[in-house]
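What follows is one chain in C-alpha coordinates, specifically the form predicted alone.
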Amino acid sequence: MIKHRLRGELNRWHSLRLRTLVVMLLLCLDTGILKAQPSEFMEIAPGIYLRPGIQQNFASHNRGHIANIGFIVGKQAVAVIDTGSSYQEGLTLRRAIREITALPIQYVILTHMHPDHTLGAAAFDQDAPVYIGHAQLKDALIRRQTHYLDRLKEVLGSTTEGTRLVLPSAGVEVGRAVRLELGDRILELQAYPTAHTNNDLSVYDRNSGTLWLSDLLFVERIPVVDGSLLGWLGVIDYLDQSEAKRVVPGHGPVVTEWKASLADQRRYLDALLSGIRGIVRQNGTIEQAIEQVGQEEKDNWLLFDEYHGRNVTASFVELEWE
(Lines give C-alpha, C1' and ligand atoms only; values in the text may rest on other atoms or scores of the structure.)
Protein backbone atom coordinates (compact mmCIF):
# COMPACT_ATOMS: atom_id res chain seq x y z
CA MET A 1 0.00 0.00 0.00
CA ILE A 2 2.76 2.42 0.98
CA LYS A 3 4.72 1.53 -2.20
CA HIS A 4 1.67 2.15 -4.41
CA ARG A 5 1.03 5.47 -2.67
CA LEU A 6 4.68 6.55 -3.12
CA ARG A 7 4.59 5.50 -6.79
CA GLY A 8 1.43 7.53 -7.30
CA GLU A 9 2.96 10.58 -5.64
CA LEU A 10 6.09 10.27 -7.77
CA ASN A 11 4.02 9.98 -10.95
CA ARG A 12 2.02 13.09 -10.03
CA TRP A 13 5.25 14.95 -9.18
CA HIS A 14 6.86 14.04 -12.54
CA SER A 15 3.68 15.03 -14.39
CA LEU A 16 3.55 18.38 -12.59
CA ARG A 17 7.26 18.96 -13.24
CA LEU A 18 6.83 18.17 -16.94
CA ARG A 19 3.86 20.55 -17.22
CA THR A 20 5.86 23.26 -15.45
CA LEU A 21 8.78 22.85 -17.82
CA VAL A 22 6.49 23.03 -20.84
CA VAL A 23 4.83 26.20 -19.53
CA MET A 24 8.23 27.79 -18.85
CA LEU A 25 9.39 26.88 -22.35
CA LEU A 26 6.28 28.41 -23.92
CA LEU A 27 6.71 31.56 -21.85
CA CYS A 28 10.34 31.84 -22.95
CA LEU A 29 9.38 31.45 -26.60
CA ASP A 30 6.56 33.96 -26.26
CA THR A 31 8.78 36.58 -24.62
CA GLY A 32 11.67 36.02 -27.02
CA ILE A 33 14.05 34.77 -24.33
CA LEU A 34 14.86 31.77 -26.50
CA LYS A 35 15.27 33.76 -29.70
CA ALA A 36 16.30 31.54 -32.59
CA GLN A 37 19.91 31.81 -33.66
CA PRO A 38 21.12 30.88 -37.14
CA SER A 39 22.92 27.55 -36.98
CA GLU A 40 26.59 27.53 -37.93
CA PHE A 41 26.76 31.34 -38.10
CA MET A 42 28.80 33.50 -35.75
CA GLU A 43 28.88 37.24 -35.20
CA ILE A 44 32.56 38.09 -35.63
CA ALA A 45 32.07 41.85 -35.16
CA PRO A 46 28.95 43.96 -34.56
CA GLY A 47 26.60 43.27 -37.46
CA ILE A 48 29.01 40.97 -39.33
CA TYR A 49 28.05 37.30 -39.53
CA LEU A 50 30.15 34.41 -40.80
CA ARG A 51 29.50 30.79 -41.64
CA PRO A 52 32.95 29.21 -41.46
CA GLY A 53 33.88 26.85 -44.26
CA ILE A 54 35.14 23.33 -43.64
CA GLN A 55 38.84 22.82 -44.29
CA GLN A 56 38.30 19.98 -46.73
CA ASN A 57 38.06 19.31 -50.43
CA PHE A 58 34.73 19.88 -52.16
CA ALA A 59 32.81 16.62 -51.58
CA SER A 60 29.37 15.11 -51.10
CA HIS A 61 29.85 14.49 -47.37
CA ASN A 62 30.38 18.21 -46.69
CA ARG A 63 27.81 19.27 -49.32
CA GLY A 64 30.38 21.53 -50.87
CA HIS A 65 30.45 23.91 -47.90
CA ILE A 66 34.17 24.66 -47.85
CA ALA A 67 34.33 28.46 -48.20
CA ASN A 68 33.73 31.21 -45.66
CA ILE A 69 30.48 33.01 -46.50
CA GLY A 70 28.44 35.60 -44.62
CA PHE A 71 26.66 38.93 -44.49
CA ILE A 72 26.86 42.45 -43.07
CA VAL A 73 23.88 44.27 -41.55
CA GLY A 74 23.53 48.05 -41.63
CA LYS A 75 20.65 50.16 -40.33
CA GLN A 76 18.91 50.19 -43.70
CA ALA A 77 20.10 47.19 -45.68
CA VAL A 78 22.08 43.95 -45.80
CA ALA A 79 25.03 42.96 -47.98
CA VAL A 80 25.81 39.29 -48.60
CA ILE A 81 29.45 38.31 -49.13
CA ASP A 82 29.70 35.12 -51.19
CA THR A 83 26.87 32.62 -51.40
CA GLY A 84 28.34 29.14 -51.15
CA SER A 85 28.52 26.35 -53.67
CA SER A 86 24.86 25.55 -54.38
CA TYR A 87 21.32 26.89 -54.35
CA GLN A 88 20.70 25.01 -51.09
CA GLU A 89 23.68 26.61 -49.40
CA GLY A 90 22.50 29.99 -50.60
CA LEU A 91 19.07 29.31 -49.07
CA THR A 92 20.72 28.40 -45.77
CA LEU A 93 22.50 31.74 -45.84
CA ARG A 94 19.30 33.61 -46.69
CA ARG A 95 17.37 31.91 -43.85
CA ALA A 96 20.09 32.93 -41.42
CA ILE A 97 19.76 36.53 -42.54
CA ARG A 98 16.02 36.43 -42.03
CA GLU A 99 16.48 35.08 -38.51
CA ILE A 100 18.58 38.15 -37.75
CA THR A 101 16.83 40.94 -39.64
CA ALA A 102 13.97 41.79 -41.99
CA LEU A 103 15.96 44.56 -43.68
CA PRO A 104 16.21 44.34 -47.47
CA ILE A 105 19.06 42.33 -48.94
CA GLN A 106 20.33 45.07 -51.21
CA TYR A 107 23.69 43.68 -52.37
CA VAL A 108 25.15 40.27 -53.10
CA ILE A 109 28.93 40.63 -53.37
CA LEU A 110 30.81 37.86 -55.17
CA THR A 111 34.50 38.02 -54.31
CA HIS A 112 35.73 35.93 -57.24
CA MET A 113 34.70 33.25 -59.71
CA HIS A 114 35.23 29.99 -57.85
CA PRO A 115 32.07 27.88 -57.47
CA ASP A 116 32.33 27.42 -53.69
CA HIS A 117 31.84 31.20 -53.43
CA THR A 118 29.34 31.90 -56.23
CA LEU A 119 26.93 29.08 -57.04
CA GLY A 120 24.44 29.84 -54.25
CA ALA A 121 23.62 33.26 -55.68
CA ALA A 122 20.27 32.26 -57.24
CA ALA A 123 18.82 31.88 -53.73
CA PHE A 124 18.70 35.69 -53.54
CA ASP A 125 16.90 36.39 -56.82
CA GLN A 126 13.64 36.91 -54.89
CA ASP A 127 15.26 39.90 -53.17
CA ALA A 128 16.20 41.58 -56.46
CA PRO A 129 19.64 42.67 -55.13
CA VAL A 130 22.50 44.21 -57.02
CA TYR A 131 24.93 41.40 -57.78
CA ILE A 132 28.38 42.94 -57.77
CA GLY A 133 31.94 41.70 -58.30
CA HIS A 134 35.22 42.43 -60.04
CA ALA A 135 34.85 43.87 -63.55
CA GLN A 136 36.40 40.63 -64.91
CA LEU A 137 34.07 38.33 -62.96
CA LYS A 138 31.26 38.12 -65.52
CA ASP A 139 33.55 36.95 -68.31
CA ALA A 140 35.33 34.48 -66.00
CA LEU A 141 32.03 32.90 -64.95
CA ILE A 142 30.68 32.66 -68.50
CA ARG A 143 33.84 30.86 -69.61
CA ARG A 144 33.63 28.31 -66.80
CA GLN A 145 29.90 27.89 -66.18
CA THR A 146 29.47 24.55 -67.96
CA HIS A 147 32.45 23.00 -66.16
CA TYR A 148 31.40 24.38 -62.77
CA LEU A 149 27.80 23.18 -63.01
CA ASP A 150 28.72 19.76 -64.43
CA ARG A 151 31.29 19.22 -61.69
CA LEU A 152 28.83 20.31 -59.02
CA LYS A 153 26.22 17.84 -60.22
CA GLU A 154 28.82 15.08 -60.44
CA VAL A 155 29.83 15.56 -56.80
CA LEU A 156 26.57 16.57 -55.10
CA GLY A 157 24.00 14.84 -57.31
CA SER A 158 20.32 15.68 -56.82
CA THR A 159 21.04 18.18 -54.02
CA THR A 160 22.15 20.65 -56.70
CA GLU A 161 18.57 21.19 -57.89
CA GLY A 162 17.89 24.90 -58.38
CA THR A 163 21.57 25.78 -58.69
CA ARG A 164 22.38 28.03 -61.63
CA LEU A 165 24.92 30.65 -62.50
CA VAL A 166 24.06 34.27 -61.68
CA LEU A 167 26.12 36.88 -63.46
CA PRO A 168 27.01 40.15 -61.74
CA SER A 169 25.00 43.20 -62.77
CA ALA A 170 27.69 45.63 -61.58
CA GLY A 171 31.48 45.51 -61.74
CA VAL A 172 34.35 47.10 -59.83
CA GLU A 173 37.34 48.26 -61.86
CA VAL A 174 40.93 47.91 -60.65
CA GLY A 175 42.01 51.21 -59.11
CA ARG A 176 38.44 52.50 -58.77
CA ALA A 177 37.03 51.44 -55.39
CA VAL A 178 33.25 51.37 -54.96
CA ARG A 179 31.41 52.30 -51.77
CA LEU A 180 28.14 50.66 -50.77
CA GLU A 181 25.91 52.40 -48.22
CA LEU A 182 23.97 50.14 -45.83
CA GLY A 183 22.81 52.87 -43.47
CA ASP A 184 25.43 54.21 -41.05
CA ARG A 185 27.72 51.57 -42.52
CA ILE A 186 29.84 51.97 -45.63
CA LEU A 187 31.50 49.03 -47.33
CA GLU A 188 34.48 49.69 -49.58
CA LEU A 189 34.91 47.24 -52.45
CA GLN A 190 38.30 47.03 -54.12
CA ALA A 191 39.27 45.09 -57.22
CA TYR A 192 42.83 43.78 -57.69
CA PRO A 193 45.17 42.96 -60.56
CA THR A 194 45.49 39.26 -61.32
CA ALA A 195 46.49 37.40 -58.15
CA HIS A 196 44.65 34.34 -56.80
CA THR A 197 42.45 34.76 -59.90
CA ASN A 198 42.02 37.57 -62.42
CA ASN A 199 38.86 38.73 -60.62
CA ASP A 200 39.63 39.07 -56.90
CA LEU A 201 37.63 41.54 -54.83
CA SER A 202 37.91 42.59 -51.18
CA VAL A 203 35.31 44.16 -48.87
CA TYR A 204 36.29 46.55 -46.10
CA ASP A 205 33.93 47.61 -43.30
CA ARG A 206 35.34 50.74 -41.69
CA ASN A 207 32.87 50.60 -38.78
CA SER A 208 34.48 47.46 -37.40
CA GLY A 209 37.85 47.49 -39.15
CA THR A 210 37.00 44.16 -40.78
CA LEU A 211 38.64 43.34 -44.11
CA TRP A 212 36.99 40.48 -46.00
CA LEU A 213 39.81 39.25 -48.24
CA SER A 214 38.24 35.97 -49.33
CA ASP A 215 40.76 33.88 -51.29
CA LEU A 216 43.39 36.59 -51.41
CA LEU A 217 44.31 35.05 -48.05
CA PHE A 218 44.31 31.38 -47.08
CA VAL A 219 44.78 30.49 -43.41
CA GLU A 220 45.98 26.95 -42.55
CA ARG A 221 44.81 25.63 -45.92
CA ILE A 222 47.30 25.76 -48.80
CA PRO A 223 46.89 28.77 -51.13
CA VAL A 224 45.74 27.98 -54.66
CA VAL A 225 47.35 29.77 -57.60
CA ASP A 226 44.68 30.19 -60.28
CA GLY A 227 45.86 33.56 -61.58
CA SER A 228 49.42 34.84 -61.27
CA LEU A 229 52.11 33.98 -58.76
CA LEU A 230 53.96 37.24 -59.37
CA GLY A 231 50.74 39.22 -59.30
CA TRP A 232 49.67 37.66 -56.01
CA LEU A 233 52.99 38.50 -54.37
CA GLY A 234 52.52 42.09 -55.51
CA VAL A 235 49.03 42.21 -54.03
CA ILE A 236 50.36 40.80 -50.76
CA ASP A 237 52.85 43.68 -50.60
CA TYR A 238 49.93 46.09 -51.01
CA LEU A 239 47.71 44.34 -48.45
CA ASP A 240 50.50 44.37 -45.90
CA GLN A 241 50.00 48.13 -45.63
CA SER A 242 46.39 47.79 -44.44
CA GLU A 243 45.46 48.74 -40.87
CA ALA A 244 42.48 46.39 -40.66
CA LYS A 245 41.71 45.02 -37.19
CA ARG A 246 40.66 41.61 -38.41
CA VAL A 247 40.62 39.71 -41.68
CA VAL A 248 38.18 37.13 -43.02
CA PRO A 249 40.07 34.75 -45.32
CA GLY A 250 38.37 32.69 -47.99
CA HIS A 251 39.31 29.53 -46.12
CA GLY A 252 40.35 29.22 -42.49
CA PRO A 253 39.57 31.06 -39.26
CA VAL A 254 39.11 34.80 -38.89
CA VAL A 255 42.41 36.33 -37.78
CA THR A 256 43.26 39.47 -35.83
CA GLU A 257 47.02 38.85 -36.00
CA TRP A 258 46.41 38.54 -39.71
CA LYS A 259 49.73 39.90 -40.93
CA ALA A 260 51.40 36.79 -39.55
CA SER A 261 49.03 34.71 -41.68
CA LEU A 262 49.79 36.93 -44.67
CA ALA A 263 53.51 36.37 -44.04
CA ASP A 264 52.94 32.59 -43.97
CA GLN A 265 51.24 32.79 -47.34
CA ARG A 266 54.01 34.99 -48.72
CA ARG A 267 56.62 32.47 -47.51
CA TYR A 268 54.92 29.66 -49.40
CA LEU A 269 54.53 31.68 -52.60
CA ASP A 270 58.13 32.89 -52.33
CA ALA A 271 59.22 29.25 -52.05
CA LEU A 272 57.42 28.54 -55.32
CA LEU A 273 59.01 31.57 -56.97
CA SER A 274 62.61 30.92 -55.94
CA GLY A 275 62.41 27.17 -56.41
CA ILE A 276 60.89 27.30 -59.90
CA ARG A 277 63.29 30.01 -61.04
CA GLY A 278 66.14 27.78 -59.95
CA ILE A 279 64.79 24.84 -61.95
CA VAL A 280 64.22 27.03 -65.01
CA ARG A 281 67.76 28.39 -64.87
CA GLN A 282 69.03 24.81 -64.99
CA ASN A 283 66.74 24.03 -67.97
CA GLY A 284 64.79 21.67 -65.74
CA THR A 285 61.30 20.34 -66.37
CA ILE A 286 57.90 20.80 -64.76
CA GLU A 287 58.16 17.24 -63.46
CA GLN A 288 61.41 18.09 -61.68
CA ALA A 289 59.84 21.22 -60.24
CA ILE A 290 56.84 19.31 -58.89
CA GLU A 291 59.14 16.80 -57.24
CA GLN A 292 61.56 19.32 -55.72
CA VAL A 293 60.05 22.78 -55.27
CA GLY A 294 58.47 23.82 -51.97
CA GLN A 295 58.52 20.40 -50.33
CA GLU A 296 59.78 22.01 -47.10
CA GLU A 297 56.31 23.58 -46.80
CA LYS A 298 54.49 20.23 -46.73
CA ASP A 299 53.83 20.15 -42.99
CA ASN A 300 52.66 23.76 -42.86
CA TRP A 301 49.46 23.46 -44.89
CA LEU A 302 46.30 21.43 -45.01
CA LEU A 303 45.57 19.74 -48.38
CA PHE A 304 49.19 20.19 -49.47
CA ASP A 305 49.30 17.01 -51.52
CA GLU A 306 46.06 17.86 -53.27
CA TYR A 307 47.07 21.32 -54.51
CA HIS A 308 50.82 21.87 -54.32
CA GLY A 309 51.63 20.08 -57.59
CA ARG A 310 48.96 22.12 -59.35
CA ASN A 311 50.44 25.32 -57.94
CA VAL A 312 53.91 24.38 -59.14
CA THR A 313 52.61 23.55 -62.62
CA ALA A 314 50.69 26.82 -62.99
CA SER A 315 53.58 28.87 -61.67
CA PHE A 316 56.15 27.08 -63.84
CA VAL A 317 54.16 27.98 -66.96
CA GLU A 318 54.05 31.60 -65.83
CA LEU A 319 57.76 31.83 -65.01
CA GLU A 320 59.54 29.77 -67.65
CA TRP A 321 59.47 32.59 -70.23
CA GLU A 322 59.74 35.62 -67.92
Partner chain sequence: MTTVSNLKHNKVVRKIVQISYLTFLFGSLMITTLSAAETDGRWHEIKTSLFGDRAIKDGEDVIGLETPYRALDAAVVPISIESKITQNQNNYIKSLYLVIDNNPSPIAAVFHFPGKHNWQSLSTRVRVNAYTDLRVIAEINDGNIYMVNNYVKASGGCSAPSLKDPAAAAAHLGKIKLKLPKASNLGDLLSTQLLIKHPNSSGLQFDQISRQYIPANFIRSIQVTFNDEVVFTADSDISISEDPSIHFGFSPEEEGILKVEVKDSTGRTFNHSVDLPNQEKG
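Residue numbers count along the first chain shown, from 1. Not measured: the values here are computed from a predicted model.
A second form of this protein, the form predicted in complex with its partner chain, is not displayed here; the remarks below concern that form.
- Distance criterion of 4.5 Å from any heavy atom to its partner chain in the model of the complex singles out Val280 from the list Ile44, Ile54, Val280, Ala271.
- When you look in the model of the complex, the only residue of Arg98, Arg143, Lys75, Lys245 with a non-hydrogen atom within 4.5 Å of its partner chain is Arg143.
- Contact here is defined as any heavy atom lying within 4.5 Å of its partner chain in the model of the complex, and by that definition not a single one of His65, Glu161 and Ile236 is a contact residue.
- With a 4.5 Å cutoff on heavy atoms, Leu302 does not count as touching its partner chain in the model of the complex; it lies far away.
- At least one heavy atom of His147 is located within 4.5 Å of its partner chain in the model of the complex.
- Within 4.5 Å of any heavy atom of its partner chain in the model of the complex lies no heavy atom of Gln190.
- Using a 4.5 angstroms limit between non-hydrogen atoms, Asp226 touches its partner chain in the model of the complex.
- The candidate stretches are 101-109, 204-212, 190-198, 171-179, and the one lying within 4.5 Å of its partner chain in the model of the complex by heavy atoms is 190-198.
- Heavy atoms closer than or equal to 4.5 Å to its partner chain in the model of the complex belong, across 286-322, to the residues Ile286, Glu287, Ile290, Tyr307, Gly309, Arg310, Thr313, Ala314, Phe316, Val317, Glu320, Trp321, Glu322, ordered by sequence position.
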